[in-house]
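The chain that follows stands alone, in the form predicted on its own, written as structure tokens.
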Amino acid sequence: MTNTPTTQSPAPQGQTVARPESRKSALGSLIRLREVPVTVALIALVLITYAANPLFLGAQGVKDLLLNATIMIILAVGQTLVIVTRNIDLSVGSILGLVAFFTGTLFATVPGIPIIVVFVAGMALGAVLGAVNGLLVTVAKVPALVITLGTLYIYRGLNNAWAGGTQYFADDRPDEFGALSVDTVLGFPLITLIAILVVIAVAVYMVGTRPGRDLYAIGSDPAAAELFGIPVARRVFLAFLANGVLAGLAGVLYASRFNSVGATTGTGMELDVVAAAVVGGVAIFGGSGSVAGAAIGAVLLTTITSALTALRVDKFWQQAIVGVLILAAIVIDRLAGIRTARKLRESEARDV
């Protein structure tokens, strides 16, 4: 019996055969995505907690996880728009607090006001506050860290002066408004579905439109972006404006989600928001990252809190773990930047 060489049959006309090299390249690209490590960490955290406490993934447990993450997701998406441009907004917690108290005030002083009007009014107030940040940053040419640190205290002071000792409770709002955090569709609370729509809309904007892609160019090199004709000041201003709108939306939803709003609402949330974006792969130095990653980072941080609470871990360790995650994300991002720069230098050397 003679040995006959084996041959591969040609691919049908109009079809291409995937080469092993291309499959490996696609797999490598997938692994290098910034969102992958965060997603893996989130899945591992949920599975470990579920193994220790099966009630963690019960129907009510999952609903609570989604509700806890909703506000943070919206704030992290807005913060991503700003951080990608090599800026930051530390006033989002104060904006949320002002809008949340404004929402309670509307329901208490204007009985029967349509809920949609409240949403529009809250987002408009957030837009005004975000526009103030954007104008100060782009016109005064002062670093956003300094500007928004100042407006953080200004907005918080305004809320304290306005609210004083007044608080608005769940009984002061219509039942339909509170139902946004109670009613579900396919297991998802209504306010969580709103957050998902926000993520999708902003993701499409940043990847699929010219102004959205300009934000990445600005964050990578503002001077070069200006030379290429990108209206840097206008784009940065609009990023702060959009961030204010989303913080306003989060403030309205906060009033629906929680039982009371007052002078201290939103205090300290700005640090968690920045942490969620950075942990989700948004480079703190600007120019890279995605709103999907920021949303996953928000879910991870809120899930960590819920998981460690379910495991009866002290609150100090919860904060310490979040701090470690932030440092790890920054170090990983820096190492990735150094690696990319080295590859570019090697590529240029070969071309020469």
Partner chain sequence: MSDSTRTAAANANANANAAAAPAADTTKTISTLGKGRTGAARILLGRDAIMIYAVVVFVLYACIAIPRFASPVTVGFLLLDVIPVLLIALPMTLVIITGEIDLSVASIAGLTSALMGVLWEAGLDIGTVLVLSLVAGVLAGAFNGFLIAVVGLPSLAVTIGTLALFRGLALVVIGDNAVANFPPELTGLFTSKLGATGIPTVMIGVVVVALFFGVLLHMTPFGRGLYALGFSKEAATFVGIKVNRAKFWLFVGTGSVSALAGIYWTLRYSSARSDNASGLELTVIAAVLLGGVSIFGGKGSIPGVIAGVLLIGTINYALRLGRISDVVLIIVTGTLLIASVVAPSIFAAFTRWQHDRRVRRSLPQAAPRE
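Positions refer to the first chain, counted from 1. Computed from a prediction, not measured in an experiment: that's the story for all the values here.
The form predicted together with the partner chain is left out here; the points below concern that form.
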Requested in this report: Give a yes or no on whether each residue among Leu152, Val232 and Ala320 has a heavy atom within 4.5 Å of the partner chain in the predicted bound form.
Outcome: yes
Query raised in the report: Ok, Leu197, Val185, Ile116, Ala140: which has a heavy atom sitting within 4.5 Å of the partner chain in the predicted bound form?
Result: Ala140
Report summary line: Note: the partner chain not shown here; in the predicted bound form, the stretch from 108-116, 73-81, 143-151, 121-129 having heavy atoms within 4.5 Å of it is 143-151
Query raised in the report: Just to confirm, Leu327 within 4.5 Å of the partner chain in the predicted bound form by heavy atoms?
Result: yes
Query raised in the report: So in the predicted bound form, does any heavy atom of Tyr50 sit within 4.5 Å of the partner chain?
Result: no
Report task. Spell out, yes or no, whether the shortest heavy atom distance between Ala275 and the partner chain in the predicted bound form is within 4.5 Å. Result -> yes
Query raised in the report: Is Leu190 close enough to touch the partner chain in the predicted bound form, meaning at least one heavy atom pair within 4.5 Å?
Result: no
Query raised in the report: Does anything in 71-89 come within 4.5 Å of the partner chain in the predicted bound form by heavy atoms, and if so which residues, in order?
Result: Arg86, Ile88
